[in-house]
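Quick setup: one chain, the form predicted alone, written in structure tokens, and binding and motion questions come after.
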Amino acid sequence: MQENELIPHLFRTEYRKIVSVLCKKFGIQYMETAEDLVSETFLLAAETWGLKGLPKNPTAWLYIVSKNKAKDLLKHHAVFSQKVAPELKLNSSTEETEIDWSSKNINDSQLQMMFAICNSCITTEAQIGLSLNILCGFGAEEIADAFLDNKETIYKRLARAKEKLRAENVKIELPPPAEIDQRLETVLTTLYLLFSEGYYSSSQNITLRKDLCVEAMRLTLMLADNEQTSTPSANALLSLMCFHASRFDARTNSNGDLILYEEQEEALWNQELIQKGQYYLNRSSSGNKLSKYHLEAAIAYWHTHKADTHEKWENILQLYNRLLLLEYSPMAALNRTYALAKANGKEQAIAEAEKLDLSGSHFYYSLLADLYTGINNDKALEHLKAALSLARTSTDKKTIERTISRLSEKKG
């Protein structure tokens, strides 16, 4: 890997680890100090490596420089010597100021930071933003691009969230065993939303953001690999992500255009990820609590069967029925009507879909268009035009325009 590629790569993979370890060491009130310190380390790397060439072990170099910068702060900055050191019971002893860079402490620190960031004292948007910023190494501009916000808004949101965490004196630690399940719900919701944003991005120019999905999967895997946080719900969420990720390469073409499920090439589905999805779904079957992640993972599992059988769609329909009883959402209700059409026919599905009356959603009109196609093509075209007027992303618009063109040709 060339130097101009290595530093951005290391920033994405190591920044979060170093910041998490330093925050755990000093406390969340010094999060911004830790971020500044690590950013300075990477700036120094860019300058030094450009002049002297790459060190033998670039990653170790970053850790050593970060450690030395942290020690320097402990020695020379009054805010550390007067406030942090007494709290940490530090003195000038090198041994006591040593920073633990062991792989176990790095993983533990990231996991504990995840719980600190996903705290109900800050908004869901702030939790996702901080997760991307601190735990994934995303800059404010990248986060702004992902969520169609401007950079200044993201800066302010992150700053307010950090200030709130400091004010609440949130600890960077795993909750007590009795509280794990309750606190984990917020963490899982954040990771679910992060993956969802990547799977169907609201960005104007891209539908699938694999980078967001990969980061959500990496963080969820950390939960599943830790004995204290490897709950059935965490495993079910990871299973769901694996099943969806298995079809990434088939979801878009070389131009980035969306490929609908029925038109996807099964040969492009990643069988290794499908097997991992099955593995984590099996692991999620312990205990007696059924979460929405279990049901959505099971639905995603059936979507890894390309064959258009009645058994497949009947199973998906029943799973949606249970999901809506457990946690109703308009999108799940909309998706259920598609399964209903496959299992029981379009006429019954049309009647159910029109009851939903989700007139502000282009997905709603796209579904109605699909249901009316072959029954009343004029009405299908009307719905497609309504969907086009509501679509926000260029990819959605192109997909709808292609469908309109095909249906118009069929009519002609």
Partner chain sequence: MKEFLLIFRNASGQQSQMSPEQLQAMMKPWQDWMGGIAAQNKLVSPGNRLEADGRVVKPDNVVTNGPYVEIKEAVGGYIIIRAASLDEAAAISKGCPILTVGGTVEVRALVPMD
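Please read these numbers as outputs of a predicted model, since none were measured by experiment. Residue numbers count along the first chain shown, from 1.
Another form exists, predicted together with the partner chain; not displayed. Remarks below refer to it.
Between the partner chain and the residues Leu356, Leu54, Ala386, Leu37, the one pair within 4.5 Å by heavy atoms in the model of the complex involves Leu356. The listed set Ala167, Ala159, Leu260, Leu324 contains one residue whose heavy atoms approach the partner chain in the model of the complex to within 4.5 Å, identified as Leu324. Only one listed stretch (348-356, 56-64, 23-31, 370-378) carries heavy atoms within 4.5 Å of the partner chain in the model of the complex, and that stretch is 348-356. Contact annotation for Leu74: none of its heavy atoms lies within 4.5 Å of the partner chain in the model of the complex.
None of the heavy atoms of His244 is located within 4.5 Å of the partner chain in the model of the complex.
None of the heavy atoms of Thr48 is located within 4.5 Å of the partner chain in the model of the complex. The partner chain is not drawn, but in the model of the complex it has no heavy atom within 4.5 Å of Asp145. For the three marked residues, Glu314, Tyr328 and Ala333, a heavy atom of each sits within 4.5 Å of the partner chain in the model of the complex.
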